[in-house]
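Below you'll find only one chain, the form predicted on its own, shown as structure tokens.
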Amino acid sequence: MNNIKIAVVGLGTVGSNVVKSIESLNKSNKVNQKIQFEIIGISAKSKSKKRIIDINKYKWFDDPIDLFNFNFDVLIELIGTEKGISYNLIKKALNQNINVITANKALLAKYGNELFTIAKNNEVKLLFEAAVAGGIPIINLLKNSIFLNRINHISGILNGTTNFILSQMEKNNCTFDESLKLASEKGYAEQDPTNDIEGIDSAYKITLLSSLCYGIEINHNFSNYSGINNFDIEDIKYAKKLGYKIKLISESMLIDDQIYIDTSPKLINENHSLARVEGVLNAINIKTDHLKSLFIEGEGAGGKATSSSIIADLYELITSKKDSKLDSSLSNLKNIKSYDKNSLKRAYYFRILVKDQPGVLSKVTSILTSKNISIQTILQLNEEKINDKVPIILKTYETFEKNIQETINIISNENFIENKIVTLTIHN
């Protein structure tokens, strides 16, 4: 292909930066002097919205489906709906032998198996570097640089919004609401931040990474997740006393030929590489049979960072062979079972707010012991007593999650309990 014809659908921050990047590439001839990228049409929800590009240079389509009345080689889909128009456009393009580049992690996490099969059958590509970790080239790394490694474990911080909020809470002693407000003011949080703060966005991303890492079918139902709105600034302070930070960590691993995928706020040792990732940055840690630890960090969101990954996919289209290793692997994925999280052994953090009365600590420890939970560290913070309420902070040795849940149920029914018990996993 000497003249690459492109249709761009979705012209928000990312889409506008993609168009701007394509314009720059054409001027610089950086890719190849014989190759030009021609944007044959653009489409978005609003034509009047202020953008960093001059949309009058291009043919505008109110209905993106009308783009298919013209010939083009690549559809860049940046609308981002979980199904609806995004799904219809991608499926139609693939069925018409048109390559697709997308940043739509939610759609791929739910319908990727179907769409990758269509792409394979029609000998076109469905590329998604921008769907995970913004500008970090993690997809390219997995499918090329460490393709022949056996991956044992992958973990990371995959959402810049939540990492910014947690960083603010820790560094500036801000509440969750104050930190979320600041994230919104700086443009780091969506108008509706639910998917970010409840861990859904990160869960989609680790679902996709798990499929690539282990060659398994994409199944978002296997992905356990919880958000960062179920604990308070006090927990960040107490975690620090124990030598930890709290981060929203996504991880996956194979256990007995079953997959375990989880996204949740966890205590992580303050000396761990992931603990030092601040602000809106993302980071991923991979362990393989050849690499004890591969750590990669970078911008996880934003127009320029995500646009960089879109352009990387565009470059792959014009340089790689039709039958790449990734295309073959994504159309021949294993169907495996999900590992029962109740069978997983982890260490845990507890914060229990109790009435300041004799025998409470003894009763709590007795209940833990009855459920085969051994205590590694205990802090009874009498100096932080407020209105005769005292926080008890516990760090346990590794135990089964089912033991933790049973313990919470028992302690919660005691008459000395003053608030909901907070528990967080400690990342190993």
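The model shown is predicted, which means the values in this text are computed figures rather than measured ones. For every residue, the number given is its place in the sequence shown, counted from 1.
The protein also exists as the form predicted together with L-homoserine; that form is not presented, and the subsequent description refers to it.
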- With L-homoserine left out of view, choose which of Thr161, Ser179, Ser211, Ser250 has a non-hydrogen atom within 4.5 angstroms of it in the predicted bound form. Thr161
- Query: Pick from Leu274, Val354, Ala301, Ile139: which residue has any heavy atom within 4.5 angstroms of L-homoserine in the predicted bound form?
  - Reply: Ala301
- Pick from 225 to 233, 152 to 160, 337 to 345, 167 to 175: which stretch has a heavy atom within 4.5 Å of L-homoserine in the predicted bound form? 152 to 160
- Hey, in the predicted bound form, does Lys125 get a heavy atom within 4.5 angstroms of L-homoserine? no
- Item | Partner proximity in the predicted bound form: Lys266 to L-homoserine, non-hydrogen atom cutoff 4.5 Å | no
- Task: Answer with yes or no whether Glu190 is in contact with L-homoserine in the predicted bound form, where contact means some heavy atom within 4.5 Å.
- Result: yes
- Touches L-homoserine in the predicted bound form: Asp201 (any heavy atom, 4.5 Å): yes
- Would you give me the residues of 193 to 229 that have any heavy atom within 4.5 Å of L-homoserine in the predicted bound form, in order from first to last? Asp196, Asp201, Lys205
